[in-house]
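Quick heads-up: it's one chain on its own, the form predicted on its own, in structure tokens.
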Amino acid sequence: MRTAAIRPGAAHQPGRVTLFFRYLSRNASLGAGLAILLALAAFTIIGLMVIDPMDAYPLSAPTRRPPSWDFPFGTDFFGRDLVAVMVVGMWQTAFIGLVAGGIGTFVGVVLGFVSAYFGGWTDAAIRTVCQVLTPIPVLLIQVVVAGSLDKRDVTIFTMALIVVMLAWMGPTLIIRSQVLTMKERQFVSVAKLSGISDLGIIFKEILPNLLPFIAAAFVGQVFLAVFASFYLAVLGLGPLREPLLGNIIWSAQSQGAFFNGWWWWPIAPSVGMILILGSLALINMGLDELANPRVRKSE
């Protein structure tokens, strides 16, 4: 009896989901960062469904209650349920990070492509502006702008705009350097000889190859935006009525929480901020490995 020969490639190929999880098992930084971020997202989404967001604002709960069954994270001096504060504060922190990071990355990608691909006086102008603004301490500019605003006019959207003012310079320089390298490669020259327009080359040839770099730049900008909103709030320059995690730490510090024995007050927002920044840093490290072929791990 003859047996059928096994053709090359006839073996079962793993699906994309399987390959994705296999890659996460090799890229420990990306896997750990995504796991922490998903856990925080689940905490926020489920929390918004089961708690009253108004409990995150003053006079909504008994004051200075330590952690208990009724108030797992306790309450603060102003009568805010710290569980509700964590849920709403994480949502607001994510909003600031995504808005500022998204705007900064988008502007940086556009300027980076225009500067590197078209060159000439456009490249010289964009490069000169970045070189002039890069040495300026971003923190100083943000503190001056935030401090000059009326606290009644400061919202979480205002915070995002303050953070994004100079956030486009980093992505601009990163994308510019990558496009300068990419446009000299052979496949771009072939596309030009084939009569493809400049926009076609940018969107069909160069941009798909830069998506890992753009993703890494976006995560890096979200990290910087979250950190900037955090330290501005800790300095008392944020929207003080909103339960941003930095605002909670600032109010706990101003009321002497540790000296008065209210140790639980700053603990939860501090741990939450550490987890948010830690997850974004791990994801950024993992995406850097994905974008950099010299350190990429093969299967």
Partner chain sequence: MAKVPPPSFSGSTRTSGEHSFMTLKLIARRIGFLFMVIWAASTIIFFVPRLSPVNPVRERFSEIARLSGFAPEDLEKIIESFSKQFGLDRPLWEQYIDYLWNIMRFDFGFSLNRYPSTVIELIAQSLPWTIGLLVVTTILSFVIGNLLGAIAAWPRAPRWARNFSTPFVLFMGVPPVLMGVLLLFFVGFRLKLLPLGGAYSIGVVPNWSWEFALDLLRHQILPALALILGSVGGWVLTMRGMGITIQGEDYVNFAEHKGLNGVTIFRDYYLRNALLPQMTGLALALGTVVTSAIIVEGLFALPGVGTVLINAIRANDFPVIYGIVIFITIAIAAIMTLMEFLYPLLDPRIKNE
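Source: prediction; values computed, not measured. Positions refer to the first chain, counted from 1.
A second form of this protein, the form predicted together with the partner chain, is not displayed here; the remarks below concern that form.
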query: Stretch in contact in the predicted complex with the partner chain, which is absent here, among 206-214, 111-119, 98-106, 127-135 (heavy atoms within 4.5 Å); finding: 127-135
query: Heavy atom within 4.5 Å of the partner chain in the predicted complex - the one residue of Leu30, Leu37, Ile267, Ile51 that qualifies; finding: Ile267
query: Interface residue in the predicted complex among Pro62, Pro66, Pro58, Gly261, criterion: non-hydrogen atom within 4.5 angstroms of the partner chain; finding: Gly261
query: Residue contact check: Pro239 to the partner chain in the predicted complex, 4.5 Å heavy atom; finding: no
query: Contact test in the predicted complex: Leu19 vs the partner chain, heavy atoms, 4.5 Å; finding: no
query: Contact test in the predicted complex: Ile141 vs the partner chain, heavy atoms, 4.5 Å; finding: yes
query: Val145, heavy atom within 4.5 angstroms of the partner chain in the predicted complex; finding: yes
query: Residues of 232-253 having any heavy atom within 4.5 Å of the partner chain in the predicted complex, listed in sequence order; finding: Val234, Leu235, Gly236, Leu237, Ile249, Trp250, Gln253
